[in-house]
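In structure tokens, the next block holds one chain alone, the form predicted on its own.
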């Protein structure tokens, strides 16, 4: 086997493992590495995983049930107008799939997500159930101080639940581990931006999502291995338009949707799993670690429809994504019944109408199983972009 085929085999092996993790249940306590005493589930978008990590709890993102989960219990407790991810997350809890969690943390990113905490507290009293109140408007002078107080409150709750003290040195150690992971994720996205034929959006997504089911330090080892193999890939550059994909900040598009986009376009940037990449630079490892995490949430952070930051307008951060990645166009997606996402989609489309940048609007839900019409839309969109460039 030559080195090129060996790299391809290595990457395929890693990607297969990542896909298995995507489909796997939440790890049970008996399967965790020795330093972990339990698992802490958290809802998208952002969660300070370093605090759970320092408390000996494996942070796992609860990203709904995908398009293979049958809803038998949740629909009796939630309206049909609620987004897919909230309904399927409730279903996973009610059908027993999340019984092993030490706790579940949600956020007030929307009314539906906020009310998951009430469902959890009522149905799973043995688990810690909390709302982490992160500010939607971070431009207040007191925002960092407020976030630090919330993180400190979370620290105390996790100490009580895990029976383990979380001192500043333990937090700094966890910050160091997560900083390394964030650097690797930035490298992953840089590779897609500079040489998108070497790593598709679907492959990048699988590699990133693996962190939701494994310790951060193990995920960094996996990323290093995958990046080394991907960089040495000898795949030819393809004649596809370069696009940015936005709208996957909370509910995740089905994997088949990403594959359909990859078949027609090079996705050179996206906001998929943005919570795992929310901090865009290293969190300082000196000083008060809680304060450094809180300050990083405000000052070293990405943009999202669930946060209002006058320095990162919805039109502004989309245009910055397009410019920085040298994209030809944008694919604007939104999950059905997602109020923040649909609001953002309207603003994006209205702004792009005033530019010469083409865009395609798509709607999705995690329960989708048919993608033929979407694939046809994407093929037509990609062809029109290529013809426009040729002309």
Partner chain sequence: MTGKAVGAAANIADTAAAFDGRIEGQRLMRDWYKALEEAPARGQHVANVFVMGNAVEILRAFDFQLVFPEINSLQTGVRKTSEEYLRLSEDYGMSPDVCSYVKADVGLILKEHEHPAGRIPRAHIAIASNMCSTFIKWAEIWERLLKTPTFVLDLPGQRAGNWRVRPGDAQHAADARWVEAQFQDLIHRCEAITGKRFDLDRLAEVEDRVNKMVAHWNNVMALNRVCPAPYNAMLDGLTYIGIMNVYRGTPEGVAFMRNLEAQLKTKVARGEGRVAEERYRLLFSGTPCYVSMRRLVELFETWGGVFAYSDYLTFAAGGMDAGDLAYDTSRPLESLAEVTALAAQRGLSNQFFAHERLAQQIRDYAVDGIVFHGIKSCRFVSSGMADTRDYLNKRLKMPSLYIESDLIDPRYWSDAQIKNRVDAFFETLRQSGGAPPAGKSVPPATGRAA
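Here the structure is a predicted model, which means the values were calculated and not measured. Residue numbers count along the first chain shown, from 1.
This protein has a second form, the form predicted together with its partner chain, left out of what is shown; the following refers to that one.
Asks: 227, 170, 143, 302: which sits within 4.5 Å of its partner chain in the model of the complex by any heavy atom?
Replies: Selected option: 143.
Asks: Please identify the residue among 32, 357, 342, 26 with any heavy atom within 4.5 Å of its partner chain in the model of the complex.
Replies: Filtering the options by heavy-atom distance leaves 342.
Asks: Would residue 197 count as touching its partner chain in the model of the complex under a 4.5 Å heavy atom rule?
Replies: No, no contact at 4.5 Å.
Asks: Would you check, heavy atoms only and a 4.5 Å threshold, whether residue 324 touches its partner chain in the model of the complex?
Replies: Because no heavy atom of residue 324 falls inside 4.5 Å of its partner chain in the model of the complex, the answer is no.
Asks: Heavy atom to heavy atom, is residue 237 within 4.5 Å of its partner chain in the model of the complex?
Replies: It does not: once its partner chain is placed as it appears in the model of the complex, residue 237 has no heavy atom within 4.5 Å of it.
Asks: Using a 4.5 angstroms cut-off on non-hydrogen atoms, would residue 347 count as touching its partner chain in the model of the complex?
Replies: It does: once its partner chain is placed as it appears in the model of the complex, residue 347 has a heavy atom within 4.5 Å of it.
Asks: Of the listed stretches (183-191, 258-266, 209-217, 303-311), which one has a non-hydrogen atom within 4.5 Å of its partner chain in the model of the complex?
Replies: Correct option: 303-311.
Asks: Going by heavy atoms, what in 117-145 lies within 4.5 angstroms of its partner chain in the model of the complex?
Replies: Contacts from 117-145: 117, 118, 119, 121, 122, 123, 129, 130, 131, 133, 134, 135, 136, 137, 139, 140, 141, 142, 143, 145.
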